[in-house]
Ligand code: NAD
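Single chain ahead, by itself, as structure tokens, in the form predicted alone.
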């Protein structure tokens, strides 16, 4: 065996997982086949009482290798076989292995004579690997607070389909399992033990020994899972019983409230839960496997997997990184200690990078330091950060007004006010003290990089790094190349973003770059509809129905109407006579200028907020300023206006070469502003909908609402040739 090592300790086999060519173990066809052989070896050896399954790496494993699923599909197509059968065959092989471990050779009728299997995870165990743990009779975890345990499949378009759904519901009941199954909740070992996901936490250096000790001392009854014992009843009641039905109905309502029914994996998972509860364990697993296969065959899930797993992973591993030597950041200077600057300093210090946090005076710099300390205090309160870790992270931060402290920094991130004059002054001050080869990055959300680089004496080393707010929570970072930005600057920016464990996309310079040029039309289209008399509730619900996690009027409140007013004013000033106003301008002026409603930040925007900042209902007087029309538009038309406002800008960004790689366009859209994750991103949405159909929708909307809905030439060309975006662009990118 190349992936597993088989040894014995008396009457206990120890099966140790260690994939030589991987830093993290993952489930592949070879891994499954070899583990199956090892389990057979245990069951055939009468001298063995059972086995311990563990890992030689720091973690147990990261789940099933999802790229393998695409390979299975491709192979079936190549051989002229049935893709569904091929996928089900793989899924059922994994189910059969886990069930073999669970039954462990016991007599089918008496349930006696079975051996016991213990799982011993040194660290993280996710997805299909965690489902392996669930199949074992006892689960041990090392005392490793950094470890993550759980089933994140729903976050990438799947659901736990290797027995996880069926077993977890039988372990915890429907409501107890809901957070783990429906939200992909991951927990550390202590929370996993409290939630009954694992049985014991032991010191790391005693992990395998404790598991072996348990196997040696186990009894015959330990080899029988509760659901295989006579008289088992589902905790909380089965969904078809008078006791369990309200719970199941509540779970369905909760799920649809959060997903609006647009995610195929959640609907399939709920079906597997309900139908599986009607039958015995073996048949329940078959039902789960069939529903899981149906999800694998759904184009929406395939798009989510492609964007949120395959493409995201490729981007994070450096698919777009220039071929230059390692450029990891040793010391970063952050100019501006406000919320954004402090957030950047926090994530950098948390990654072990020395941070020089500079502001106009010591008081302002100290406020930034206090913000970082406050974020760490929140982590300590939630037991995600220890006091020792907090002290260590703060030791990396030097808050000062002294620009000379920047001399040793190899990367500067400027995060001052969005004013070209202020940014130019800061650029000159910084470049007077930093080394010639240091990289200067500006954190701007709207101002073109090439224009800002004119203030630099070294524009080749000048780049944009656009963080999203709040920095410590948002995973996307947009890297913007100016006209003169060199490869070293790009590599430095990419390496920095990967050091702080975020996902980077690289785009070329243009007004609003990529993310904001797509999100602003979405917010504006909603406000245009308000100005037209469309019911705000209709607008917000239409957004949820297309899968947007935050509706546009709510999102405008979150980002603030003040920011919208600032962007509107700055854009108008820069564009002059070329600026074309819309109904969105009228709405912003009415709410912000006339009524002083800035959004959540001052407790009043499109929505009202209570004294604690909790969102209440839509502002009743909005209808006084923009009366709701008696005749409301078709719901599908509202949905199309909201989604195409984003999609068409993404296509234009690609057409204008602002967006170079459509993979980044899709991943960036989902991570940056939450674009309908079920679709896989704007380009994937077009491919799923059909380019020709999208063009037809554009034509209808253009005739009614104007040229902002006109289909870009790139989209029309792809539609006319019967192509798709991924069909045209992915092959050359995959080879790049």
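All of these numbers come straight from a predicted model, not from anything done at the bench. Positions refer to the first chain, counted from 1.
Separately, the form predicted together with nicotinamide-adenine-dinucleotide exists; it is not shown, and the next lines address it.
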Thinking of 336, 423 and 445 as one candidate spot, does nicotinamide-adenine-dinucleotide come within 4.5 Å of a heavy atom in every one of them in the model of the complex?
yes
From the list 258, 328, 286, 360, which entry has a heavy atom within 4.5 Å of nicotinamide-adenine-dinucleotide in the model of the complex?
360
Just to be sure I understand the contacts: of 180, 462, 467, 522, which is the one whose heavy atoms reach within 4.5 angstroms of nicotinamide-adenine-dinucleotide in the model of the complex?
467
Of 122-130, 597-605, 185-193, 409-417, which is the one stretch near nicotinamide-adenine-dinucleotide in the model of the complex, taking non-hydrogen atoms within 4.5 angstroms as near?
409-417
Contact between residue 341 and nicotinamide-adenine-dinucleotide in the model of the complex at 4.5 Å, heavy atoms?
yes
Residue 403 versus nicotinamide-adenine-dinucleotide, in the model of the complex: is there a non-hydrogen atom within 4.5 Å?
yes
Taking nicotinamide-adenine-dinucleotide in the model of the complex, which residues along 250-264 bring a heavy atom to within 4.5 Å of it?
none
